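First comes one chain, alone, set out as structure tokens in the form predicted alone.
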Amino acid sequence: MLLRKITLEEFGAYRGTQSLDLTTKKNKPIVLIGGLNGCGKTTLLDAIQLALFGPRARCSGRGGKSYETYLRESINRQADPTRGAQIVLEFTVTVDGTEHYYKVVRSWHTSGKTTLKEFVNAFVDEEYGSRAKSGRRVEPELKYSRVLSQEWADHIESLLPLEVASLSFFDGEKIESLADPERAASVIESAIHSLLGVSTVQQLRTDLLALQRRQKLSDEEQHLMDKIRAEEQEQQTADAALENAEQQAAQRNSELGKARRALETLEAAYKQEGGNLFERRVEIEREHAEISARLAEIRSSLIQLAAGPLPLLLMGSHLKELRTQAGRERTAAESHQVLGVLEERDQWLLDMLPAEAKTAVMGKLEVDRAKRAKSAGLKVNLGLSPDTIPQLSALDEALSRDQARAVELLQQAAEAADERVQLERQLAGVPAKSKVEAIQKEREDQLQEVARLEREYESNLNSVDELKRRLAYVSASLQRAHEEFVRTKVKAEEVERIIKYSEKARKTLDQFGDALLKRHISRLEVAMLTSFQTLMRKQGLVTDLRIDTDKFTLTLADTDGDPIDPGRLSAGERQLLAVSLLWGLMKVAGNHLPSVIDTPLGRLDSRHREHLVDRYFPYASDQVLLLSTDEEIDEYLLGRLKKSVANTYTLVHDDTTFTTSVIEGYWWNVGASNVA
């Protein structure tokens, strides 16, 4: 950060408009501003802080006044309070490698006796650095920014924190406080924390802790989340159990397959050895007995049939001839009986006929009776009974029935005989018990093993099915819970994630803060000791300097390593120690801030003043605004400092109007007229 220009308008003792070009040059970092006591040096320092920080500025002239009162009293007494006062400060800041040019205008005026209005307008040229790369001085192209104007307090805090500015802009009072060992500790602690970034780390930790505490779910949301987590745990448990059950089922199935293949091998061997027949031996014997009894029964039935008319089937032709003879004899008997009846009928007919017709009819009737008499005569007459033919018919029926029954029995007898032969063959093939006993035992054991594995495999499958149903139920329940409370879950996960990572970040920041503090204190000890030895006239007085990391107290040591009581130091030496602290802080911070030093040489002797002029001011920072009296930087010291001075101004106070004006040059450069 480099201050470019400040313009005061009716501010404090500064009447009208007064401007100071604060631009420095290469190897000329000092802007020397001279002024006697009460001429406005401290007011100028206050103006810089007021323009930047407004009500937060630590202006020395404010004291315990309210901000509004301070502003009201800061309007020049001779100015119209309704037009008010204004401070315009221009400066450049390098942000992300690019130099930005800012112009902030803070103005205020009164309206009535009680009303005061303040305005802050910010202008910025974000491309200034790209145009000024060549080193040429270019005019900024400033543009008004409403956002920056409205949020200037936050923006300037990001560019130059107030705590840091208080160490960069210091006056004699600050030097005095640092020179007091008891008061210096708090200043050192504040400086290290603010200027060297440790406070940023602590603020981050505090912000993270606050963020953690803000993360909270309602009781209902927490209950729902507990339920979801419980179901998620149950789902994981069920999923793991299912995976285990499936593995066990797969393992059991593999074992079962091996057992079955072993059983098949034993079965084949057992079969090959006649094991099946051995097992069926009793059954085959029983079947053999049954079929033998059956065969005997059939044969008995056949014998009974043979004892009946069945053998007459062997005399079939004779029975046929007997049937024919019986028919002939029955016909002859019937014809003999008809001839007697016909002879009476013919006589009755002839008696009824006329005589002329009798002869012809009588002849025909005689021919008919002759023909019938011929059929009634037989060459062979066995004298068979008229019931012979019915008896023969009954015999035929009996023979036909017995023949069918005999055929059926013969068929059954043949089949039974064949079956018995087969059974006898099987019985003949049944092995001896000793031959199949061992393999039968092994086979039975294997059967039991297969049965055991089948039961276990089935149990595993049942477990898998049960776990699948359980997992499906839990998953469905969880899915419904997720769908119902997805926002709660997202919030809870976000809360958990934030708390988890915040805790990690806080621990990391703790470690980083401790490491950063030790590193900075170590560097600060070296830089401060080097600065102090550079400025001190007594080079060998202090050879070591330590800063306690807990209490931030300074400990000085002599060449023997013995501690030096700060009370032994003179007031000037303590002032140099305070300057060394500020210089060391700027060195460690990188000299990127301007140093505004008000009344720096109050209690120093001539040698120490020379040391500050020669060894500190030209190197204190890239820009040093030196506010001095004519006794602090006198003509002699001005000559030693001149080569490092870019601009000089003198604040001239009119004791009659009580106003201050700014003129270029320092007393001895602008002539006696500027010297009060």
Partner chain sequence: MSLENIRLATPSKDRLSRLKRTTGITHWNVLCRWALALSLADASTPLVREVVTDSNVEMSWKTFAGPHGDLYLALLKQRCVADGLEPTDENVSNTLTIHLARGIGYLGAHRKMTAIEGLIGAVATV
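Heads up, when I say rigid core I mean the largest set of C-alphas that superpose within 1.5 Å between the two forms. Residue numbers count along the first chain shown, from 1. Everything numeric here is computed off the predicted structure, so don't read it as measured data.
The same protein has a further form, the form predicted together with the partner chain, not shown here; the description that follows concerns it.
In plain terms, the part of the chain that comes close to the partner chain in the predicted complex, with a heavy atom within 4.5 Å, is 301 to 309 out of 514 to 522, 152 to 160, 463 to 471, 301 to 309. A single residue from the set Val341, Ala571, Ala370, Leu314 has any heavy atom within 4.5 angstroms of the partner chain in the predicted complex; that residue is Leu314. Between the options Thr94, Gln391, Ser606, Gln539, the residue in contact with the partner chain in the predicted complex by a heavy atom within 4.5 angstroms is Gln391. Interface membership of His318, defined by any non-hydrogen atom within 4.5 Å of the partner chain in the predicted complex, is confirmed.
Not displayed here, the partner chain is approached by Ala413 to within 4.5 Å at the level of heavy atoms in the predicted complex.
Looking at Val526, you'd find every heavy atom of it more than 4.5 angstroms from the partner chain in the predicted complex. In the predicted complex, the partner chain lies within 4.5 Å of some heavy atom of Gln403. Relative to the superposed rigid core, His100 undergoes a CA displacement smaller than 2 Å between this form and the one not shown. Relative to the superposed rigid core, the position of the CA of Gln304 differs between this form and the one not shown by 2 Å or more.
Comparing the forms between this form and the one not shown, the C-alpha position of Gly112 differs by less than 2 angstroms, with the core used for superposition.
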